[in-house]
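Here's a solo chain for you in structure tokens, the form predicted alone.
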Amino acid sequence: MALATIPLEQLVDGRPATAEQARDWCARLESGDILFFPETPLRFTADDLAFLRGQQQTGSSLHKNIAYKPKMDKLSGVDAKGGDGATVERLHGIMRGYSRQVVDFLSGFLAPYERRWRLDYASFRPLEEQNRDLPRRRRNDLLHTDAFPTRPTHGARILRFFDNIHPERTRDWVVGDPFAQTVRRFAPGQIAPRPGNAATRMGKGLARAVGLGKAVPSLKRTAYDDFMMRFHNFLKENDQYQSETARYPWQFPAGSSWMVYTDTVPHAVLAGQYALEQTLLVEPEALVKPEVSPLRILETMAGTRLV
């Protein structure tokens, strides 16, 4: 796991200089590296940045982030006290434009994927992360891998692109040892399927191995999704993991961007304010190193398919 720094002058019209370089960036991402742009490849107007920084949220758990849902062109999470219809409309337009910019950039930069992804939410994070008062499972300052309780991925990987739009401050992260090492520590051994529904048996077995209780996939959530959601909660709630695991700090400067597969890299946000983010769910068939994906790691441990 490493931080790969990519100056904009290395790119040609927003793309890696060669097809081989593009494939290598995809491989490094999938293996757990963070791709870091000291200067964002996106375009923001000074007026839009000032507008975003002027948005106020109450800080309640209800309004953790402002979310933009591209498929529905819908904005949610805006504080009811935050302004009139014109303010919300402008915020909606900025988030729509941000989402499209990220997709356009990644379509060229990650060309080997050939846009074989599902476009998930974009978010604006206006609140100071340091000393947030949130329920434990919603805290950002605890190391965790990502999974979505209401949006199962069915084996697709969670790629997230971030922008620090604070005018001065860094956004402070720590990351932990990668998924393969972490899951093998807390769910050790080969968990062989038994007669019956092998994927369901495996979900139960892995869950018991990390003390998560019963894991029964729903009609919409596969055994893989069920385990990943429970593992997300387990990592946040496990004091031994939080205190004893390796922690590698990274500080992302004002005006920078970075992207990472957050289902592979345990991460936490310790401090920072004003960030934008876009999530993409990259299909398993698009990956250049599928063998290092969480899905493949868990299927190897279980000896059965999970989706």
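Note that residue numbering follows the sequence shown and begins at 1. On a predicted model such as this, the values are computed, not experimentally measured, just so you know.
Here the subject shifts to the form predicted in complex with a small molecule, a form of this protein not shown in this document.
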{"query": "Sole residue of 173, 105, 179, 98 within 4.5 Å of the small molecule in the predicted complex, by heavy atom", "finding": "173"}
{"query": "The single option of 151, 160, 169, 154 touching the small molecule in the predicted complex, heavy atom within 4.5 Å", "finding": "160"}
{"query": "Interface membership of residue 144, the small molecule in the predicted complex, 4.5 Å heavy atom rule", "finding": "yes"}
{"query": "Residue contact check: residue 269 to the small molecule in the predicted complex, 4.5 Å heavy atom", "finding": "yes"}
{"query": "Residue 140 within 4.5 Å of the small molecule in the predicted complex, heavy atoms", "finding": "yes"}
{"query": "Exercise: residue 125 in contact with the small molecule in the predicted complex, heavy atom 4.5 Å", "finding": "yes"}
{"query": "Answer range among 46-54, 261-269, 238-246, 22-30 for contact with the small molecule, defined in the predicted complex as heavy atoms within 4.5 Å", "finding": "261-269"}
